[in-house]
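The chain below stands alone and is given as structure tokens, in the form predicted alone.
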């Protein structure tokens, strides 16, 4: 048997990480078993299934490189097959027509449940059972002759020869209905695996209120697709050891449904950012610089007059501070002279007694240097601290605020070296002029 999995999104908006995780697991399971990964677009909601929403789904899959092995099946083209299946169920006595609710608005078609307890083995949750009393008949065709999700879902799984349905555990109740439909239509029942919910730190379903929740959000924030895929694969599954940064090839080789947990998986944005940082450091320098340059250009911070190697030197100084491409914008002072001053930092570091005098002395010392390097600029401040008093930190802080507007950042002296003597002296002069009463 060739494994055939499917991802079946409804293109009605943004792609939630819970939905894309289902796609990842279906893709990994198909690749691990040498099977096929399929895509079905459940676009029967014509009002909400817009071309833009469809493109959002396709873009998310392409960005994560989760390409289906066959052309997508569009559910909206399958209405005739769905209604033909309903007619077959009516012919067999497995369904019946009724004016549901006595509304007089026309007949709908209800599926007749078998009237017995139903059970199935979930590949993640184990054996599940539901009593007949809790399995009432249900609508499969509305009074306006449109098929309901349950019928369309099963008929299309049969047509696509799906062998494994891997989806969220909010579908567990639906699965009992779907199994009954498969049997009534005389089709093999696929194996089912229901994935745990993704929750926030309070154990509630993870949503936009908790932070980035859609694939597009993470892409816009500068996350790498390989890092997001790796993180979401581990959100409910583990390889059985302590490894966390895994290549696509390793994920494919190690992935099994047996190691998917049944309890909810907690989203941890801090861990995701750490993981993205690991992937960022593994990028070729040119690729890392290109991604950061795109962010700077989008925010109007990139200057084409800068030397070609300048961005690489900045990234060398920032090192682990750039965990996302967008983090480069937090160091805007490398790229513009119009950087803001943090007023609280100004009050603490520039308006402290003697701070501006020390800044002026540092400016004179830097102007006299013949070699403007991290080593020489640091030694100049150490010499001033030794000769004129005050702690070394009391000399460092005013200089940092003057050249960057903030109290935090990379090594000050490597920052000075990258900026260069001319820009550093200009910034010291600007700060002294601005804050000297």
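The term rigid core refers to the most C-alpha atoms you can superpose between the two forms while keeping them within 1.5 Å. This structure is a prediction, so every number in the text was calculated from the model and none was measured. Numbering follows the first chain given and starts at 1.
Not on display, but discussed next: the form predicted in complex with the RNA.
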Students should find that, of 204, 351, 121, 92, the residue having a non-hydrogen atom no more than 4.5 angstroms from the RNA in the model of the complex is 204
The one option of 271, 293, 248, 164 with any heavy atom within 4.5 Å of the RNA in the model of the complex is 271
Among 361-369, 240-248, 300-308, 77-85, the stretch whose residues bring a heavy atom within 4.5 Å of the RNA in the model of the complex is 240-248
Contact between residue 193 and the RNA in the model of the complex at 4.5 Å, heavy atoms?
no
- Message: Can you tell me whether residue 48 touches the RNA? I mean in the model of the complex, with a 4.5 angstroms heavy atom cut-off.
- Response: yes
Although the partner isn't part of this model, could you tell me whether residue 236 comes within 4.5 Å of the RNA in the model of the complex, counting any heavy atom of the residue? yes
Using a 4.5 angstroms cut-off on non-hydrogen atoms, would residue 408 count as touching the RNA in the model of the complex? yes
Is the RNA close enough to 257, 334 and 425 in the model of the complex that each of the three has a heavy atom within 4.5 Å of it? no
Restricting to 354-376, the residues within 4.5 Å of the RNA in the model of the complex through any heavy atom are none
Task: CA of residue 55, rigid core aligned, shift of 2 Å or more between this form and the one not shown - done: no
Indicate whether residue 127 shows a C-alpha shift of 2 Å or more between this form and the one not shown, with the rigid core used for the fit. no
